[in-house]
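You are given structure tokens for the same protein chain in two forms, set apart as structure 1 and structure 2.
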Structure 1
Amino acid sequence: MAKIIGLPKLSPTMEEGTLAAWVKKEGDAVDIDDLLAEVETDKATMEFRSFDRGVLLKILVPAGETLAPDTPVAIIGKAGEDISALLAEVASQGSQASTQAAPAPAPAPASAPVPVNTPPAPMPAHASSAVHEMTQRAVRREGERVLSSPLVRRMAREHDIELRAVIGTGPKGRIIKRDVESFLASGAASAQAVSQSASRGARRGPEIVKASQMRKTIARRLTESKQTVPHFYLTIDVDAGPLWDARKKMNEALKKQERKVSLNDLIIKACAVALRRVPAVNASWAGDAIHYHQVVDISVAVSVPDGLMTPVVRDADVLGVLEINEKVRDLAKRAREKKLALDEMQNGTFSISNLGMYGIEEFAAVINPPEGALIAIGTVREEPVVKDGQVVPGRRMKMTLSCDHRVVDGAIGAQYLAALKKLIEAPLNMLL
């Protein structure tokens, strides 16, 4: 028996998802656990797999649309099965949602006559279409939001189309892929291009781009962190020369293997070892208790197109620097491809954010709850330093520890930075 398939909730925090791509097409056979589609959530691009066996009889939502969990997206049943009743049910659900969302009509002016018991005459099809077009164009005034998916916006950019001129046939006037295709086929795009070229010098409003699921999650979590976590910051300036030299020697030794380690790999190792030596910083606030973690799992901030992700290097304190390098490279690569599993992005105990490669000398970062602390790493600066009473060339680096004051007091944070400084300025101490 055919059934309607809803968009599954693919992560605990998923409030909506974007159908990135359909893997199956209408008419394809579907088995249990077959991959139906890929869905972009607030965490990553995830797999939407089937819980049913049969044939994909109807795709209800095209790729590129953003939907709430449980929204009908497909119908699965037996080949040739009549699904007209299910299609009517989906249409009915859509119309009910539109009715609930629509504002109440404005009352008629007092001077206007109100007809009594007069059935309205049906509107001709061409008039209905014209009214629909006028309505669509009227609501898309300059500065107002145009409902569309990332796929539609990309098509518009590629063909130099102003989306405000396109009539949307999706829910609430949303512009979908076939609307852009119809606009292109009608020749209106060419006329629009001529009009646009004639007014290049005119002032234009901002481009409005819908926030991705990831960006929405980042915004929510960082807002919560700054509003609910009492931050304070401690900054220390260290001699980065020994760490710089240690990396250089290690890479010379690894040259024949065509492998390298980065300064960041050594910093991750040093931070992890320092957490073992000052375990009070490796902790989280849990409402009415403090959790002192027995493992050292380092969350490493990775820049991705939609924002920032923090994949976790497990047991970083016991890993070798080469192992840390391999794990960070793999996690960062899959983070940018949105291929990380949920457990690879959760339950870190301490975070590292390094902006040194961008030339940033010093910054304070926002804590990643429920972790109790995060360290921000600045660039290595070449500057004169005083050693044994002599001014000599040197390398310095600033590090700022962001602390949750409910968990880490100032003295504890200072002890941690002192331990970390000792490791960076004498890297062999990491082996002790």
Structure 2
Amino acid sequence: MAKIIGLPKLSPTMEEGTLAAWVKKEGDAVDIDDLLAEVETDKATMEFRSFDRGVLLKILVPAGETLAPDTPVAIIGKAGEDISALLAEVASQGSQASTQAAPAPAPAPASAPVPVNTPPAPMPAHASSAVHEMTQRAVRREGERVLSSPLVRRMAREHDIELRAVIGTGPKGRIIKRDVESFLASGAASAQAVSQSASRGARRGPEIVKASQMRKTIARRLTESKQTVPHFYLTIDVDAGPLWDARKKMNEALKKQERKVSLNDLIIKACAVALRRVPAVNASWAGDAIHYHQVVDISVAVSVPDGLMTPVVRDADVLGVLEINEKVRDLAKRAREKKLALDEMQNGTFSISNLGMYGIEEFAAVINPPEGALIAIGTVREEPVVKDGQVVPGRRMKMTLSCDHRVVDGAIGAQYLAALKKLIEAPLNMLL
């Protein structure tokens, strides 16, 4: 009996997914756990595997579409089975599903939402071209295809114009000659305005870039956090000298192995140990309960080309600093390559965000729900400090704890920072 296959929810937070590429094509035999397609979710490009055995009778949605979970995407059944009833069922849901699946996209002129019941793109008959198909899609996946006339493409080459920035006024948003001409006119005019530093220059509209899945996730989650989580912030200034020295000594010891740890690795360790000392901060609000976590899993904010990811260092309180270093390096590298597995990005209990390398003195970060707190690390400042009545050179560092007030009260947060300060100013205490 043939059945309709819906787009699976590939992560708990997935509200929509983009069918990046079909791996199977119509007519292919499918076994349980066979890779059907690749789906770009809010987190990563995930594998969409089959729960069924049979033949892929029909692909209902071509690659490139963004859909809500459970939207019908394929029909699997026995070879030669009559699927007309199922197709009719899909068609009857079609208009409804498409409104759910493709929430009005940003008003980019080129992006008319395509209904989900569009006939699938014809699949090449020979197997080897499936790979070719995928690479082709991959090129386009970055953004929508820019429609432009051949003349416009030549003009773009000659004037070195990024066509993505040009608004097309032709059919389907095709960029035509007059669009490039007005773009050039406005560009030249504004350049001129700059050189003359005139107060008024030619103005032009914003460049419209379609938000990636990751961007949408960041937007959604952080808005949700800032709107629903009652944040408050505590800042503490600590003596970073001892930690600095500890790192130096460790790296001297590691020199023979040609390995190194970073200050950040030590901070992760210190924060994790401090969470054991003040476990009330290692907690989440759950509506009618508070979850006090029994593990210390630290989410580390990693900047990636078009956004930010928070891979998790599990059991950071018990890991050695070198282990933390290896873990973070591996996670960060794979985060940039978008190769993190879902469970490597989920279920942290506390977050660390470090902008010290940019010279940021202090900042207040947005909590990463459902975590109850996050610490923002500033840069290590070399400055004169007063020690025993004497002014001496010192190293200071500011840390700002963002707390979810539903879970962490001011005093608890302050206790945590005090505990952390102790560890940083006397790293040996971490061994206690």
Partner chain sequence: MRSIRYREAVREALLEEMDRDEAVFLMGEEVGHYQGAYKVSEGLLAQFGEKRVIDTPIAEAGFAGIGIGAAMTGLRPVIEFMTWNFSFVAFDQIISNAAKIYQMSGGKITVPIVFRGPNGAAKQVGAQHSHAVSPFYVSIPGIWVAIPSTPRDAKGLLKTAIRDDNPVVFLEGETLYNVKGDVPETDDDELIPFGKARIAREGDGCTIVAWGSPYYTALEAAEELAKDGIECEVVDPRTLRPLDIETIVESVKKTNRCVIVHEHWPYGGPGAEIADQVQRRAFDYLDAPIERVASLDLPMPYATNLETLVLPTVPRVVEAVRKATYAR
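If you're wondering where the values come from, they're calculated on a predicted model, not measured in any experiment. Please note that residue numbering is based on structure 1, beginning with 1 at the start of its sequence. By rigid core we mean the largest C-alpha set that fits within 1.5 Å across both forms.
Taken from the structure described as the form predicted on its own is structure 1, whereas structure 2 is drawn from elsewhere. Annotation for residue 77: C-alpha shift of 2 angstroms or more between the two structures, rigid core superposed. With the core superposed, residue 10 shows a C-alpha displacement of at least 2 Å between the two structures.
With the core held fixed, residue 19 shows a CA shift of 2 Å or greater between the two structures.
Superposing the rigid core and comparing between the two structures gives a CA shift of 20.8 Å at residue 181.
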